[in-house]
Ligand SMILES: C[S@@+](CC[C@H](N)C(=O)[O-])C[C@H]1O[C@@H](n2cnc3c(N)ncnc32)[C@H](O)[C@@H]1O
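Presented as structure tokens, the chain that follows is alone, the form predicted alone.
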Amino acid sequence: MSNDIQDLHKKVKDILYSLTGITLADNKDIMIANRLEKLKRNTNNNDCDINELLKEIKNGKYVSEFINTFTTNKTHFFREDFHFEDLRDRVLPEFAKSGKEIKMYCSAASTGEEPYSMKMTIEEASAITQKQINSTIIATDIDTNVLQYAANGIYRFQKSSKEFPSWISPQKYFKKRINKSLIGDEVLIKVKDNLKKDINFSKMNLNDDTYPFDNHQFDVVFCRNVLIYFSAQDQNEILKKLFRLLKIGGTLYLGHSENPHDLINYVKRIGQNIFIKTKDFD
């Protein structure tokens, strides 16, 4: 790789880190090159000099387009489904019994599959306990495009896939939509309104110094498969900020390759990356 391309990719990495805190690994050169072409299309600057475009972004223009282009949004419904089983079987019955509202935070909403999976789990627990569990779910992401996608709630779905666990009937929560351009057994499914009503989607950067929430605001925090895009030091700082939002006795769910870092002495691990907060961080 030439020095000019190395310098260009370093500029991209520096801008991305300054705007989001996300760190791109050294093996992402092909991805960066592809995303730069996408960035030119997204900003209607197909014929411009890419260095000039990056200079404009550093000066505050096309910031949202840059962030939306370079953030990764890989997800699906009920990813790591054992977390939702724990939520259904251990956490939610207590709220069914007490009648208290459960307040939950999804810190990386992406295209919405995770917060909708959270809400479906609440509905299933309500059916099992035969008591309606009141809930509020706040779901944030830094990418405005995926937040709009999530709010729209329309997804491609293959009937033969096993994306939903056996205890979920998709037809209970989605309407099927006809689209003749789809291939094979693929259909469009749209989230029903009753699944949307307790979910609030909004933009937020996990790398911000402060979050727009109160200490001890949430009973459950999902922070899964997003910390991997940050440096170890920044992961630790993000976790500390999220931890302050969690009530003592509340549950933190992390992704399969993530760990609680400095919080390890303030939590009780009860399952595969399932942690109960036992005391506040000093």
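Start at 1 with the first residue shown and count on from there. Quick caveat: nothing in here was measured; it's all calculated off a predicted structure.
The next section is about a form of this same protein that is not shown, the form predicted in complex with the named molecule.
Just one of 155-163, 199-207, 126-134, 93-101 has residues with a heavy atom within 4.5 Å of the named molecule in the predicted bound form, so point it out. Answer to the contact question: 199-207.
Hey, in the predicted bound form, is Leu252 touching the named molecule, heavy atoms inside 4.5 Å? Flag for Leu252 set to no.
Is Met118 close enough to touch the named molecule in the predicted bound form, meaning at least one heavy atom pair within 4.5 Å? Outside the cut-off, so no.
Can you check whether Thr69 is within 4.5 Å of the named molecule in the predicted bound form, heavy atom basis? No - in the predicted bound form, heavy atoms of Thr69 and the named molecule never come within 4.5 Å of each other.
For Arg35, is any heavy atom within 4.5 Å of the named molecule in the predicted bound form, or not? Outside the cut-off, so no.
Which of the residues spanning 107-121 lie within 4.5 Å of the named molecule in the predicted bound form, based on heavy atoms? Residues within 4.5 Å: Ser107, Ala108, Ser110, Glu114.
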